[in-house]
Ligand code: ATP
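Shown next as structure tokens: one chain only, the form predicted alone.
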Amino acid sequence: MTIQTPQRIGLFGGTFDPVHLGHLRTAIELAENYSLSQLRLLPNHRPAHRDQPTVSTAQRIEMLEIATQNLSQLIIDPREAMRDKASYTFDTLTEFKQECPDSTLIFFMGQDAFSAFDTWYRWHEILELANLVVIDRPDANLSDWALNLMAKQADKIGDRIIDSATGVIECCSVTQLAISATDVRQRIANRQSVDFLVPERIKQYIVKHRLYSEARN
């Protein structure tokens, strides 16, 4: 009888408005560094902790699909985008746990998001559903609250690493590409080049559909 190794599923959310090379480089490295069976990209519809997207949900999903066509480990998961209400990570992780009860779930988030993790809906229970990986950013520092949570969680669960467990919190570094979706939108609105900031096919899609002609700050 063949024993199947439990899947390692990564979850990487965002507005992806638009998806750019910084998103994609980070996603590829996370999939490799954590030996993921798959990395689910979760575009938000109505994110609870961010400004609302500037283009339609369908267009953001389509751009993600175009950008990841040849990246088999990256899977576009539209469940959050399909919710006609604020999107909560707790709800998403609960669904994944029901669908894949034997899988190891790893939720990736930036330092800025983790510093405000105590404002997230049912954040205590998120730690009972998944492991957290906090992505280092050179222009951000963790809050005292976040550092204290990491220390408390380490005391609680000991020296466990991310395997079949939940509740592990660790930091990781990836290649930092200083690209932001806000900057991309502003450049397009100002009729400046976005070459080498977004994939070529995404640039063509934006031009074809005349997106971001008036960007918000």
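Start at 1 with the first residue shown and count on from there. From a predicted model like this one, the values you see are computed outputs, not experimental measurements.
If you look for the form predicted in complex with this ligand, you will not find it shown, but the lines that follow are about it.
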Within 4.5 Å of this ligand in the predicted bound form, all of 16, 110 and 182 (non-hydrogen atom): yes
With heavy atoms only and a cut-off of 4.5 Å, decide whether residue 22 touches this ligand in the predicted bound form. yes
Interface membership of residue 137, this ligand in the predicted bound form, 4.5 Å heavy atom rule: yes
Check whether residue 189 has any heavy atom within 4.5 Å of a heavy atom of this ligand in the predicted bound form, and answer yes or no. no
With the partner left out of view, is residue 177 within 4.5 angstroms of this ligand in the predicted bound form by any non-hydrogen atom? yes
Please identify the residue among 37, 59, 166, 26 with any heavy atom within 4.5 Å of this ligand in the predicted bound form. 26
To test your reading of this chain, name the stretch in 91 to 99, 70 to 78, 110 to 118, 141 to 149 whose heavy atoms come within 4.5 Å of this ligand in the predicted bound form. 110 to 118
